[in-house]
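Before any questions on binding or motion, here is one chain by itself as structure tokens, the form predicted on its own.
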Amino acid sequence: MIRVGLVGVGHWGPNVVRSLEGTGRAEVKQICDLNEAALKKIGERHAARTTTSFDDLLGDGELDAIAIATPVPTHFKLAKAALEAGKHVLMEKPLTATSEEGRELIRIADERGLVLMVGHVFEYNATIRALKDLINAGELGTIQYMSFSRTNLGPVRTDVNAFWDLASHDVSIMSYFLGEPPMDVTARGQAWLNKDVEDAVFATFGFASGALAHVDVSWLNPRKVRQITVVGDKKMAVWDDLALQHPIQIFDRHVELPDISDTYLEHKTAVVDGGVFSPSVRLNQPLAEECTHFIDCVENKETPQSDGRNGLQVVLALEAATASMRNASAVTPIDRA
């Protein structure tokens, strides 16, 4: 049984507690938050001890790991202290507020032989994995571009902008699909509600393979949208997180160019339409899958799928997008983790 402490019982923390305990192989022994009312509420549902002092978790020799679900600016300080106390760390996304902080956490984890895992939860989503399998199998052909939309009316944050809040998922997914990180980005955003905290951002990432990925995220949209379109030279796919019955649709459609030159026909194209089908996918609970994977990695001393370097690569992409926004949407290279 892996004994875990958790810090942060806001929106996401209680879900992490429930999912860890649901593995049947983890016991959440201590829960920490500065909000005593929130602690009291979660303490009524779980047997874990509650505390307002993070030092209580660090000093608990029985704890094997600490899960962190706090605002992004606190990630580095909390994770560094946990790793230095010899605890494995499950960190909510994004890993850190800066790549420099991310590199430092990776260094400490490597030196101490500890698991550092980031909660890129969509990498553990059965429907996202099914779409990746289709891409890997060549079902769509060569990927030409991807389009990601992640919008809603709120919740509005002040610790990070909408891109850091929402697009961290999409950067993780696009890299997972293609098996490579983006190499550059151009981005533009606008802050209407809070100065220097963009409420909506549009960004385009370029990949060494020649593929493009466009991302639009917003806290100021009348509709909740969670969609991905993947366009290949053979087929196209649409993933919709809110379409519970048919989350993936495959469009057997593509454009063919005629093998005729020197005539007006060389400028004509043919649209091939073979219909639409929805593959059957057995749905899962992605956070439960993520937490199970974390416990597996701690028990077996394995490297997580979404390890510290995976998390760092996402932070590097977010930093580059931020730099592009601050520099008149200039195309900005993305460093490698």
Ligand SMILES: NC(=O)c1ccc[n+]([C@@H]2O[C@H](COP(=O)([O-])OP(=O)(O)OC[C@H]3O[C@@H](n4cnc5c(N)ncnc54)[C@H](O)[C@@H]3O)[C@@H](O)[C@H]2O)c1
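In this text, residue numbers run from 1 along the sequence as written. These numbers were taken from a predicted model, which means no experiment stands behind them.
The discussion below concerns the form predicted in complex with this ligand, not included here.
Annotation: in the model of the complex, residues 167, 170 and 286 none come within 4.5 Å of this ligand through any heavy atom.
When this ligand is considered in the model of the complex, residue 295 lies well away from it, no heavy atom lying within 4.5 Å. Taking the partner from the other structure, this ligand in the model of the complex has a heavy atom within 4.5 Å of a heavy atom of residue 34. Looking at residue 74, you'd find a heavy atom of it within 4.5 angstroms of this ligand in the model of the complex. Proximity of residue 334 to this ligand in the model of the complex falls outside the 4.5 Å heavy atom cutoff. Taking 184, 241, 92, 216 one by one, only a single residue has any non-hydrogen atom within 4.5 Å of this ligand in the model of the complex, and it is 92. Residue 78 is the only one of 248, 143, 78, 109 with a heavy atom lying within 4.5 Å of this ligand in the model of the complex.
Of the candidate stretches 200-208, 174-182, 123-131, 92-100, only 92-100 has residues with heavy atoms within 4.5 Å of this ligand in the model of the complex. Looking at 1-36, the residues that come within 4.5 Å of this ligand in the model of the complex, counting any heavy atom, are 7, 8, 9, 10, 11, 12, 13, 32, 33, 34, 35.
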